[in-house]
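In structure tokens, the next block holds one chain alone, the form predicted alone.
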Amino acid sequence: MTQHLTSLPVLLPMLAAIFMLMPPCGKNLRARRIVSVGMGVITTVASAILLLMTQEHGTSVYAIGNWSAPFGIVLIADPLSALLVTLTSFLGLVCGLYSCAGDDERGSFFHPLLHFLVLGVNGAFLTGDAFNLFVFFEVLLIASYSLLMHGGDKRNTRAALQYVILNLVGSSVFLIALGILYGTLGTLNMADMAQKVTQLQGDDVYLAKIGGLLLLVVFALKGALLPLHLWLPNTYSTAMPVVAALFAIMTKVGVYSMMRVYTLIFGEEAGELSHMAQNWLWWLAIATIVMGAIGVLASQDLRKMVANLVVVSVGTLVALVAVQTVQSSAAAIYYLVHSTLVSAALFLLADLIARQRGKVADRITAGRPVSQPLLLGGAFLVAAVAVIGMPPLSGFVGKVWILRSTLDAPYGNWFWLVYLVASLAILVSVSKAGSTVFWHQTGKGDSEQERAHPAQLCAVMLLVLCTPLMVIFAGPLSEYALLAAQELHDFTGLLQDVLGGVN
């Protein structure tokens, strides 16, 4: 059974989604909710077991149909992919639980689509093959198109249309890039590609470089890197908050793909193509942080502010990918988990605050008081301190690690300057938003004012509690992040794990 564990984070969400489309779940919302949350728990537990197994026994390679790499399709569970699969499964579970308060009634098939999205994201993290990375990208995108339209209005539809068109263009560029790389290297297995890139000569070097840079365009679009980030603030702020919270992991798929491709295939061992995207990533990342911080300062409502915070987090992660050291990758892995959980918590909190403030909703202006000020205010304070990066929460640990790992990097001084100024802008904006929403009030609440459903509170608290837990268990988490980063940079070890004696 243990040899099949690697495939469970992909198979379980697929089975859950199919089961919920069939009787007796087909038209029974209560049954769908029970199955969705139950399968979410099972998927999270299976992913956590995979993470522990990977930590203890090292990288696990699962050859589908017993066809070994590079000829067959393989799933690779190393410490990095196992951690991200666990994070995705947990986020899917929390969002499924939150939606049970009524968001899943605002359209059809919310729960099956949620599990299809988790299937696509988990598959993208686990696959060891560039073509199947494209396939899993398409699975998650098709699910995300439908989720964006769930319970939407005209404004939502316009933003969703932009998102769909941009991603269709991105998918076309992805296919062209894969075609060029396959024509040049004769393989799309990532480990085999990394091996073949070192042997390229003549014009093939330039063709592979074109293919690699086209992939950078695709990953920049998926990850919302400047100048391809403009779709994100509108799309995330107009989607249902529970959908936006779930999407907090989607930009990380683009960043993860950059980590894999530009560390393994075009990394230290790639000969003439070594670190070919590093300079591009540096400046694009710094510019993304600047634009994200400006967006945070200019935001008029909480959801738009959180969407711009996601842009800042993407810029920070890509800067760490550009440094290309074990320490920077370890910092990126810790920060990735922290930023995903905090962003999702803030999206859900913005929704609860908006529901309790009447017509003012989540606009950053004086309005009527929320009906649960201590509960929502306390949760917002914890999430705000974490996202700003102040002690004693996980954002501070991540910030110190990020600054230390970029101290000696090329252009590190520019990064420090931009990152610290952006942190100050976030501090000002989030503090202003919190004080305006919870302190500047007009009128009084009424006794019939809406209160948060227990399922919604449970989901939000699960996310908010993760940030102090990431500090309490900072030691083991840091060790795990370092282990994952070392495996990510271990070119020879990964080739041996995936290809064995095949040359």
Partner chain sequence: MELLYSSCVGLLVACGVFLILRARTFPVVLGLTMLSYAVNLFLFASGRLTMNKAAVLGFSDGYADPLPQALVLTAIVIGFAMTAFVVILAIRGRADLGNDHVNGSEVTTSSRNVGSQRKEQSKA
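Residue numbers count along the first chain shown, from 1. All values reported here derive from a predicted model rather than from experimental measurement.
From this point on, the text means the form predicted together with the partner chain, which you will not see here.
- Residue-level contacts in the predicted complex: of 365, 274, 172, 108, one residue has a heavy atom within 4.5 Å of the partner chain, and it is 172.
- Contact annotation: of the candidates 393, 422, 164, 221, the single residue with a non-hydrogen atom within 4.5 angstroms of the partner chain in the predicted complex is 164.
- Residues within 4.5 angstroms of the partner chain in the predicted complex, judged by any non-hydrogen atom, belong to 179-187 and to none of the other stretches in 241-249, 179-187, 281-289, 427-435.
- The partner chain in the predicted complex comes within 4.5 Å of a heavy atom belonging to residue 158.
- Among residues of the shown chain, residue 138 is one whose heavy atoms approach the partner chain to within 4.5 Å in the predicted complex.
- Taking non-hydrogen atoms only, residue 231 never approaches the partner chain to within 4.5 angstroms in the predicted complex.
- Under a 4.5 angstroms non-hydrogen atom cutoff, the partner chain in the predicted complex lacks residue 359 among its neighbouring residues.
- Candidate site formed by 131, 146 and 168: every one of these residues places a non-hydrogen atom within 4.5 angstroms of the partner chain in the predicted complex.
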